[in-house]
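In the block that follows, a single chain appears as structure tokens, in the form predicted alone.
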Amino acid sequence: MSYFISFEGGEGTGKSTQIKILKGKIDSSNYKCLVIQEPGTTQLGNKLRNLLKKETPKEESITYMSELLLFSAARSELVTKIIKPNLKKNNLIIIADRYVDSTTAYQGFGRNLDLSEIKLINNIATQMIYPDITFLLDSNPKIMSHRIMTKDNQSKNVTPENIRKDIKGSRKFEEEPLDFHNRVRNGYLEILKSYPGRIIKIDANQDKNIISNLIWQNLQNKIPNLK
């Protein structure tokens, strides 16, 4: 049997770090591990990722609804070509760096798009395939902005209200105002209320080793015979 888990959270909460640590632990266990990225992983997903992350003049920016549909197109491709086939394998754990909850939090709560429409689009794009476990790394966006600024001294225009450029030429979400990131965080907390059995909230302000141990303990509790 295979399992599907996802990592969610705002900018700078340490998802990539924890995914890397967890992959190492799974690779040393009796399970195999496959890490996927959203949007990304597939050919279409990578093209759409570049488009969605690309810095463009304001007059050339895509609409929020187009943004939602592009993310969903990338997800649909990922589900059909990567997730579904691999879920048929034995002793495999798929780790997704963001998945459907990101769309609800960012486009729904962050962009203020209609949540009922987003739910319908999400169901279509995912073919109703949702993670068995979701780890939500949670922190106050203002705290995370200071963490990012400490790590990225090359960006001279960064303030707590203007988060950062994640990669060269990228501005889509990292540079949204602090109010946007607060709405995203509140969105994640609302999603948690709806799916308390699936989503595990972890304080992202803790030491990375404490966080990784909590993740591993929770995973062992959820997945039989994970050693």
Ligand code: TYD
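Start at 1 and count along the sequence shown; that's the residue number. Just so you know, these numbers come straight off a predicted model, no measurement behind them.
Heads up, the form predicted together with the ligand isn't pictured, but that's what we're talking about next.
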query	finding
Segment assignment from 79 to 87, 136 to 144, 94 to 102, 112 to 120: heavy atom within 4.5 Å of the ligand in the predicted bound form	94 to 102
Contact test in the predicted bound form: Gly45 vs the ligand, heavy atoms, 4.5 Å	no
Phe173 within 4.5 Å of the ligand in the predicted bound form, heavy atoms	yes
Close approach of Lys201 to the ligand in the predicted bound form, 4.5 Å, heavy atom	no
Distance check, Lys15 to the ligand in the predicted bound form, heavy atom within 4.5 Å	yes
Any residue of 61 to 85 that, in the predicted bound form, places a heavy atom within 4.5 Å of the ligand	Phe71, Arg75
